[in-house]
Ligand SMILES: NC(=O)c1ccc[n+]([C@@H]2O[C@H](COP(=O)([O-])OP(=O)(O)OC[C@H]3O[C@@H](n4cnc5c(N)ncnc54)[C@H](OP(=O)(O)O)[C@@H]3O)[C@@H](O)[C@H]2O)c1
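Quick setup: one chain, the form predicted on its own, written in structure tokens, and binding and motion questions come after.
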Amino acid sequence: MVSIKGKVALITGASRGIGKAISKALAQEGVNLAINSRAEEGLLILKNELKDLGIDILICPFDLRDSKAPKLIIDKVIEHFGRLDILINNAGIALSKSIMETTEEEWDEIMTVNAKAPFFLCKYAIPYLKKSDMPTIINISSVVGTKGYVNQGAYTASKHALTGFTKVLAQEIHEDGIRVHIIAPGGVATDLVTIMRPDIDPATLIKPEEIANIVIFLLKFRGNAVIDEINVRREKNTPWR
């Protein structure tokens, strides 16, 4: 286990849910943060909550639906910090509709935010990650990155795309020493789960802080063993299904 104090991390979707929990956990470890969300007010609230921890916090209020956002975000991070050690692609949107009801505009939006933006954030971040002594990319996927559920066609396709390119990415930059991980949780207590699975008992949902703890472990565990993917299920779910 190594220290991550003083490192620079970029977290997308940081204003709430899993992204906010990850940001708080990293801040507690002394990591300097670049936090992204289209909700600038939420980023300002988070920055204020973390102001006493003695870390540098840069807010990046860009909308990932904008194709220019990934490069603009990376450019802003490098301009401010001069470096990047950790990229966490967490931002995501959900859609609960049948394939027949899904519009082309909805398909494009969900694929842009959940797959295209992470793809190009990785692309633009890699030249700077190569200069780090512990470069890491963590992509937050979902159980639907490998499974499929009725009325989640577009959402499932986007998370399959995220999972697929993450596998290729890990192989392409392996020789550069950049570690690439994917976390695939199911049923986390966020706004998305109320959209996708309102049938789930809230008391059984995974806490965002539990996912944040996994992120901290992946970052600090720097031995010879490398974890490619972590699948996380709700305790009430049947194992291995």
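Each residue number is its position in the shown sequence, starting from 1. Keep in mind that this is a model prediction, so the values were computed, not measured.
One more form of this protein exists, namely the form predicted together with the ligand; it is left out here, but the text below deals with it.
Novice: If the criterion is a non-hydrogen atom within 4.5 angstroms, does every one of 16, 65 and 155 touch the ligand in the predicted complex?
Specialist: Each of the three qualifies.
Novice: Among 27, 212, 188, 178, which has at least one heavy atom within 4.5 Å of the ligand in the predicted complex?
Specialist: Only one listed residue qualifies here, and that residue is 188.
Novice: Under a 4.5 angstroms heavy atom criterion, identify the one residue in 95, 125, 91, 115 near the ligand in the predicted complex.
Specialist: Partner contact (heavy atom, 4.5 Å) among the options: 91.
Novice: So in the predicted complex, is the ligand close enough to residue 141 to count as touching (4.5 Å, heavy atoms)?
Specialist: Residue 141 belongs to the contact set for the ligand.
Novice: Give a yes or no for residue 32: in the predicted complex, does one of its heavy atoms lie within 4.5 Å of a heavy atom belonging to the ligand?
Specialist: Outside the cut-off, so no.
Novice: Using 4.5 Å between non-hydrogen atoms, is residue 45 touching the ligand in the predicted complex?
Specialist: Contact check for residue 45: no, nothing within 4.5 Å of the ligand in the predicted complex.
Novice: Is residue 59 part of the interface with the ligand in the predicted complex - any heavy atom within 4.5 Å?
Specialist: Residue 59: no contact with the ligand in the predicted complex.
Novice: When the ligand is placed as it is in the predicted complex, which of 33-41, 169-177, 212-220, 51-59 ends up with heavy atoms within 4.5 Å of it?
Specialist: One stretch meets the cut-off, namely 33-41.
Novice: Going through 193-210 from first to last, which residues have a non-hydrogen atom within 4.5 Å of the ligand in the predicted complex?
Specialist: If the 4.5 Å heavy-atom criterion is applied to the ligand in the predicted complex, 193-210 yields only 193.
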